[in-house]
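In the block that follows, a single chain appears as structure tokens, in the form predicted on its own.
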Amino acid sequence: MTPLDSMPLTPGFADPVADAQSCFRALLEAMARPGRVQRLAALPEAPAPLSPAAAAALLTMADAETPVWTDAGPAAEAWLRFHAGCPLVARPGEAAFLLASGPMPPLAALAAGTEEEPHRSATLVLQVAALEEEEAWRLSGPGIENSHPLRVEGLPDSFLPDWAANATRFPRGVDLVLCAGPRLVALPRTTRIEEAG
């Protein structure tokens, strides 16, 4: 028996069906209304360093048919493999879903789909320090009536140029789910971001 095999697993969702449905509705709402902070009610007991919202998002989206990449370490990998049944891949570019708890992988290195099948792109679940609907960024695009404020703490300085470059690949491109504690925000590839002020 290897150390990984003997590692105790914390529980996933308390009610796997109902909790996953609740989280799925929150993710749909987040994608439909970019920049709106969603607070998840159903949260799993995920191992560190996974945040509750990031773990819940992966449990909801990933399955046996979706390759997942994460940098969160062996305990998180074992937990995801057991509760989501997802195959884990070694390279970010091979993943349908990614969960980054450390440095953000470059968006240009992730699967962006094709012109014929843009839905085959990756979704990056990224843990950040804080999410607030405050005037640091102004978001615009589909799902936003005029503009919407958002402040995110914990992103690299290269994020805004990377996000602008991601938009130029439309209809291809990567979608983003930002997670902080039990809260999440979605940034579909169609969302434009400008610095406020």
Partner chain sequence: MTALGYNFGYLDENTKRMIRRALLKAVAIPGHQVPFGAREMPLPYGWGTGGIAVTASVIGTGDRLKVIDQGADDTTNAVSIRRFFAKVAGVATTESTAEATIIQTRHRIPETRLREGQILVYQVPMPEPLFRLEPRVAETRRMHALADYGLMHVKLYEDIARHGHVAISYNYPVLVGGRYLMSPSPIPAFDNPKMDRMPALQLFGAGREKRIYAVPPYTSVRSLDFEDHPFQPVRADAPCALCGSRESYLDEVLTDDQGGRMFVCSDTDYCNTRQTHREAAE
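Residue numbers count along the first chain shown, from 1. Just so we're clear, the structure is a prediction, and the values are computed from it rather than from any experiment.
One more form of this protein, predicted in complex with its partner chain, exists but is not displayed; see below.
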Where, among 157 to 165, 47 to 55, 140 to 148, 125 to 133, do residues come within 4.5 Å of its partner chain in the model of the complex by heavy atom distance? 140 to 148
Please check if residue 188 has a heavy atom lying within 4.5 Å of any heavy atom of its partner chain in the model of the complex. yes
Does residue 70 reach its partner chain in the model of the complex if we count a contact as any heavy atom within 4.5 Å? no
Do residue 41 and its partner chain come within 4.5 Å of each other in the model of the complex, heavy atoms counted? no
Residue 97 near its partner chain in the model of the complex, any heavy atom under 4.5 Å? yes
For the stretch 28 to 47, which residues lie within 4.5 Å of its partner chain in the model of the complex by non-hydrogen atom distance? 28, 31, 32, 33, 36
